[in-house]
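First, one chain by itself: the form predicted on its own, in structure tokens.
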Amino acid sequence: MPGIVVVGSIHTDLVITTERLPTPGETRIGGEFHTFPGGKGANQAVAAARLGGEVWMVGRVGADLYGRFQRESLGAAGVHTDFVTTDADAASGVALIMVERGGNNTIVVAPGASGRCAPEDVDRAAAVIAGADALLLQLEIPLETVEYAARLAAQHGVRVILDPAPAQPLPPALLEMVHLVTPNETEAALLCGFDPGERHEPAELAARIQQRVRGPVLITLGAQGVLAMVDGQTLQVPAVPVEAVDATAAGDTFSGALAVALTEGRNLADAIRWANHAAALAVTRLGAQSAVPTRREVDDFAGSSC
């Protein structure tokens, strides 16, 4: 069983469904309200655990109801929570999410305790990180902590997989420690120094980014699948067509599945295909961690669509 460490955010998602997202200044009457465990880091951890990895989560929660909810949800999914710190000086992180018919969403995050995740939190998990098969990172915690964790993993030859979301420019030193990066088109544009509103071909973005990282660049393209660039060569892996309900955890499920597949020894193309099936199942369900499929579900779905 591959050992995977996730350093990142742990939030609670407060979700309202709506026929369409409101425009600025508009008030709409929505549909159902749900409370789900979430946060990009915790979502990745749950995905990797449900899909076959032995997973440790490194992060922070507050000493409140949401913090207890988040810790219990991680444990129930099989994630080791030994390195989830309870911060008495901050509220647990929350995300306010609106989801419209068809799965599109808008998200605003109040990081709370996740925003205080620090290098000392990483130090507490140093021995586990040093012996892991992969380290998963995202950008909902302080960048200083992300860099620190990447450096520690790189020093021990541990594969570092970065989902550079939420989108922001990143220092070259961090990217040089990353073995695989998985931006969407907006995130890829920012990594290249472009205005996110500019239109660029995914292959052009991937080529620019690959000059700055150790290994493959995977640009996720939603319904168009994934464009991968390896040593200057491109590979287009199509998405799996499904009827989308909520895209909230699609990218996190993809990252967790990809980490499991690669650490089990699958080649990159097969790993992407399998991760695409996991992400496709996730978007057919409402919520973040509640939408993450099991290993059996993904294997059955991948087999039935071949």
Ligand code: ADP
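Computed from a predicted structure; not experimentally measured. Residue indices: 1-based, along the sequence shown.
Note that the form predicted together with ligand ADP isn't included here; everything after this is about it.
- Of the heavy atoms in S92, none are within 4.5 Å of ligand ADP in the predicted bound form.
- When contacts are judged by a 4.5 Å heavy atom cut-off, G251 counts as touching ligand ADP in the predicted bound form.
- In the predicted bound form, ligand ADP lies farther than 4.5 Å from every heavy atom of A257.
- In the predicted bound form, at least one heavy atom of V240 sits within 4.5 Å of a heavy atom of ligand ADP.
- Segments offered: 92-100, 79-87, 224-232, 118-126. Contacting ligand ADP in the predicted bound form at heavy atom distances within 4.5 Å is 224-232.
- Using a 4.5 Å heavy atom cutoff, T220, N276 and V283 all lie near ligand ADP in the predicted bound form.
- Residue N184 is the only one in 179-195 with at least one heavy atom within 4.5 Å of ligand ADP in the predicted bound form.
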